[in-house]
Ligand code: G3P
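So this first bit is one chain, no partners, the form predicted on its own, shown in structure tokens.
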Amino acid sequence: MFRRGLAAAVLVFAGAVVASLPSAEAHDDKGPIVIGHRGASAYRPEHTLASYELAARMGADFVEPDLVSTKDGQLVARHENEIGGTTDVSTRTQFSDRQKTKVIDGTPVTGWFTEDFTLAELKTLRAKERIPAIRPRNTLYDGRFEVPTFQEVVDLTKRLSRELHREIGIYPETKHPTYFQSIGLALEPKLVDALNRNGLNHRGAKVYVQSFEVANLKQLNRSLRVPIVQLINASGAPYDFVAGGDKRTYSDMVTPAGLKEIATYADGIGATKDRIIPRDAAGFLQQPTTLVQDAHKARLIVHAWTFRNENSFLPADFRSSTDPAAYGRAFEEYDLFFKQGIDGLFADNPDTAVEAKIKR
């Protein structure tokens, strides 16, 4: 694990910066790491430099860019290669003919796709809030920020590490690797090259690399010296398994035998919270599983995702009202998961995660 001392945190209430705390009071360098999920995506449009910077200033140990490719082979940060929901591309008449329907991981998707744009074209677009009904305050920032390249994210973490006097880690995810390989835009060589070029491919570098697929992680494990994390979804199977006719599912992967197999090529798992503490059909929490303990027995770390403050994302046990956008009792959820022994967590609200960690 890369557990580092944290410097200054910025606390946010209702989307406004209200206070800064000195490092001795604000942070604890022990316990689970805090990963800014797509940055501080509860407060700024996700996967923008502004979102990543705010996450770091709030005390996140790592920021998480999801990586997809442009037409000219540049890695950029978007949750999906379809960008109709996270940029203003639908309003750009010059790109109206780029709208297409494609099959991504076996599912038809209609929209605009990063692989149909050069980096120069993509840079003319501006990011917008993905879930405006839940996070209306974030729409204030619609149109202000570009789609960042992976290199720009790396440069930002280096600048902030100097400014904040603590190392800000980076936690990239390769998105739809089988799909991008199939169209001649494989993500893995570009990622390895970027980490090498930036002096980040060595033991001790504050980097994790993650994917929902398996074959690409095995490939990356041969080239990278940083920890590899196998993502585990609530249902289904890695798409490379599906495409290759492998009948194993994510449920098979979290058995003791499956975890032992993961440990041959990865250092940890990134598990959806429902794999750790399931919910019933009404959204109430059930008894915890043994996943964290089983993973630790296999010498795998466990990073849980995704922690968010809004009622719509919280277990029914911790909702404050029927308003889906209102904040619920998020600290109680954090406390419950800390008791399971997780090693890290992905949070849309990094300030809340840091506060929960301090008071655990």
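The structure displayed is predicted, hence computed values, not measured ones. The first residue of the sequence shown is number 1, and the count goes up from there.
One more form of this protein should be noted, the form predicted together with this ligand, which is absent from this view; the next part is about it.
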Next on the checklist: I'd like to check something about residue 333: if you look in the model of the complex, is any of its heavy atoms closer than or equal to 4.5 Å to a heavy atom of this ligand?
Outcome noted: no
Next on the checklist: Whether residue 173 contacts this ligand in the model of the complex should be assessed with a 4.5 Å heavy atom distance threshold; does it?
Outcome noted: yes
Checklist entry - Do residue 38 and this ligand come within 4.5 Å of each other in the model of the complex, heavy atoms counted? => result yes
Item to check | Interface membership of residue 64, this ligand in the model of the complex, 4.5 Å heavy atom rule | outcome: yes
Checklist entry - Okay, which stretch from 139 to 147, 110 to 118, 205 to 213, 184 to 192 lines this ligand in the model of the complex, with non-hydrogen atoms inside 4.5 Å? => result 205 to 213
Next on the checklist: Taking a heavy atom within 4.5 Å as contact, would all three of 273, 313 and 353 count as contacting this ligand in the model of the complex?
Outcome noted: no
Checklist outcome for this item: Answer key: of 327, 318, 305, 43, within 4.5 Å of this ligand in the model of the complex (heavy atoms) is 305
Checklist outcome for this item: Answer key, this ligand contact in the model of the complex at 4.5 Å (heavy atoms) among 224, 259, 156, 231: the residue is 231
Item to check | Heavy atom within 4.5 Å of this ligand in the model of the complex - qualifying residues of 72 to 99 | outcome: 79
